[in-house]
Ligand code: GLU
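Heads up, the chain below is alone and in the form predicted alone; it's given as structure tokens.
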């Protein structure tokens, strides 16, 4: 039975890198008819916060990765918070102690640093010397009487080569002679990561541990602990790093790293899924667009790369623009509406009005081809909501057309627009009548349509003036044309 897990710590907002790791675990489980588990590693009592846990679960839900077991979906292997599992950890710490595989270490941070500095100077591999491993009970008592505190170190068997299979990197071989007797707990009631994770993965029957390559150094520690406790070792797969464009590790200095920041910024979950899966996974062929359901069918760990993947925001924008164009217009409008409200273009009451909703839908549909993020929609459509649009008067002039010729072209447009009834004030009818007038007047399209576009939007690039006029309505359209005619008259020939 394939069982994968994502085990984030609720000490910060859900990281985009953790989300990528969660996605690979989720897809591997679904492809193999297995289970995907969420475990919250909240043993850091001071830094763990409920709001961070909510952020993690909300992020997974937004992406569509529904877990089979977790803190809010109980299973037979819970509890799913590490903070509720301390009795289990203590039991296994005592087992290791009874096997003489633990010892108390009283070394201070300063002593350990000095020891490492001496090893480096002597060109020796820097590792803990093990000097506390043979202390007598009397020596320990004396140190405690001095006020020294201790930690619990795991005693490693030396002169061994440990080989672990990795589904992405092949065999990983480790020499126990260069490993520390590492600390696995502060005391019998305070386990640390490498110990707790081994207990949890065993008791929750995790079959595959899929995680970032920064955890490769933890493999021998966790494998040795599993062996010492007579556990079977899960299978491993270590994912490549996600890198900034300068090939440094992904950081908030160059990119957003909180997953839900991307949602706030107007990215769609479908785009994030599609983008993240290609950060390290090669589907083969040229195809790039995949739904989550499709990925559940075709994902294969053997096609994951070893080398790091560049986090290319331009590529993410490309994916997002694709899904914006493909989305049902009603759903897209509902996603855009909060941004209109935030920009002050709509009130909550206006947004819920049916007639206003229909208008907003037309605006969104008109501009969906031009935006990469939903958050951009107010900027691209502001001219629909403003009383007056701002622009340089000279923008009204098409190419080398004179102010007089431009004014005449715009008057022709005004005359056509005035002739249309409200019921005929549609994009198709406006286009038909304007083009007919242009042909009859033996004019170039730009002489009429360019100043019309600018007068309605204030922009050099926008949707067609026919579509814009139809949405603005006859009254507002004519007001803007009239205003533009006055501005043209002030220009010198």
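Numbering follows the first chain given and starts at 1. Bear in mind that the values here come from a model prediction, so they are computed numbers and not experimental data.
Below, we refer to the form predicted together with ligand GLU, which is not included among the displayed structures.
Residues with any non-hydrogen atom within 4.5 angstroms of ligand GLU in the model of the complex fall in just one of 361-369, 413-421, 294-302, 209-217: 209-217.
Among the residues 185, 197, 105, 228, the one placing a heavy atom within 4.5 Å of ligand GLU in the model of the complex is 197. The partner is absent here, but in the model of the complex a heavy atom of 41, alone among 55, 41, 467, 69, sits within 4.5 Å of ligand GLU. Using a 4.5 angstroms threshold between heavy atoms, residue 193 counts as touching ligand GLU in the model of the complex.
Taking ligand GLU as it sits in the model of the complex, the stretch 1-30 comes within 4.5 angstroms of it through a non-hydrogen atom at 5, 7, 8, 9.
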